[in-house]
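Heads up, the chain below is alone and in the form predicted alone; it's given as structure tokens.
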Amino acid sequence: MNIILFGPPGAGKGTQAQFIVKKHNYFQLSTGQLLRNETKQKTALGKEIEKLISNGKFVSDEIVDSLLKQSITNLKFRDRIIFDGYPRNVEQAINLEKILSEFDQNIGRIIFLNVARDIIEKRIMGRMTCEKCNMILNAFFNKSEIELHPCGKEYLVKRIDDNLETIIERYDTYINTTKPVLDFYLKNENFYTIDGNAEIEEITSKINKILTV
């Protein structure tokens, strides 16, 4: 079954997606990572994406959908995709259902991580991602792990959009644009809400129970 991890920026979707990948042999489909990969290639599209992201804006549905479909149609990931941070609006949610239906797939679990804004600010301001293995660590919560990171601390970098001004804008955009997606999925019998303010291990345990029901 495919899974949606839903919640505001900094809710910990990426961290929990990594757990699901290792524990349940899933493929993490992060639209953010897809977009960052495109910017690294320095294409015209990549430069456009980089400008939007650095200003705390979301890219167009057309761009996101085209990148997503490449993964959804990959037989290697069939019915084993974690949609991390997508869909961001109702139109994307409807389009995702259409694409999955077209290839005889669906969403088996929708998990909403509900997190307070002050916690989100600290998580994002301290967030660091390894350029080699994509592991996500936090300068506030993972000091020892950062010192002992097997790839080396030099590969741990902050995203260009991880600053307070951008955080506030992204959170406000989430409330105004993405919140309706929550209402869209609330009627789904496979929708689950988890307190995202809890410790990572506690959240992980709850997600594991949901996936093994």
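Because the structure is a prediction, the values reported are computed rather than measured. One-based numbering along the sequence shown.
From this point on, the text means the form predicted together with ligand AMP, which you will not see here.
*Asks:* So in the model of the complex, does any heavy atom of residue 95 sit within 4.5 Å of ligand AMP?
*Replies:* Result no; residue 95 lies far from ligand AMP in the model of the complex.
*Asks:* Considering non-hydrogen atoms and a 4.5 Å limit, does ligand AMP approach residue 58 in the model of the complex?
*Replies:* Because a heavy atom of residue 58 falls inside 4.5 Å of ligand AMP in the model of the complex, the answer is yes.
*Asks:* Indicate whether ligand AMP has at least one heavy atom within 4.5 Å of a heavy atom of residue 167 in the model of the complex.
*Replies:* Residue-level check for residue 167: no, no contact with ligand AMP.
*Asks:* Is it the case that residue 149, even though its partner is missing from this view, gets within 4.5 Å of ligand AMP in the model of the complex, heavy atoms only?
*Replies:* Residue-level check for residue 149: no, no contact with ligand AMP.
*Asks:* Looking at 81-89, 100-108, 139-147, 114-122, which one sits within 4.5 Å of ligand AMP in the model of the complex if you count heavy atoms only?
*Replies:* Correct option: 81-89.
*Asks:* For the heavy atom contacts within 4.5 Å of ligand AMP in the model of the complex, list the residues of 156-177 involved, in sequence order.
*Replies:* If the 4.5 Å heavy-atom criterion is applied to ligand AMP in the model of the complex, 156-177 yields 159, 161, 170.
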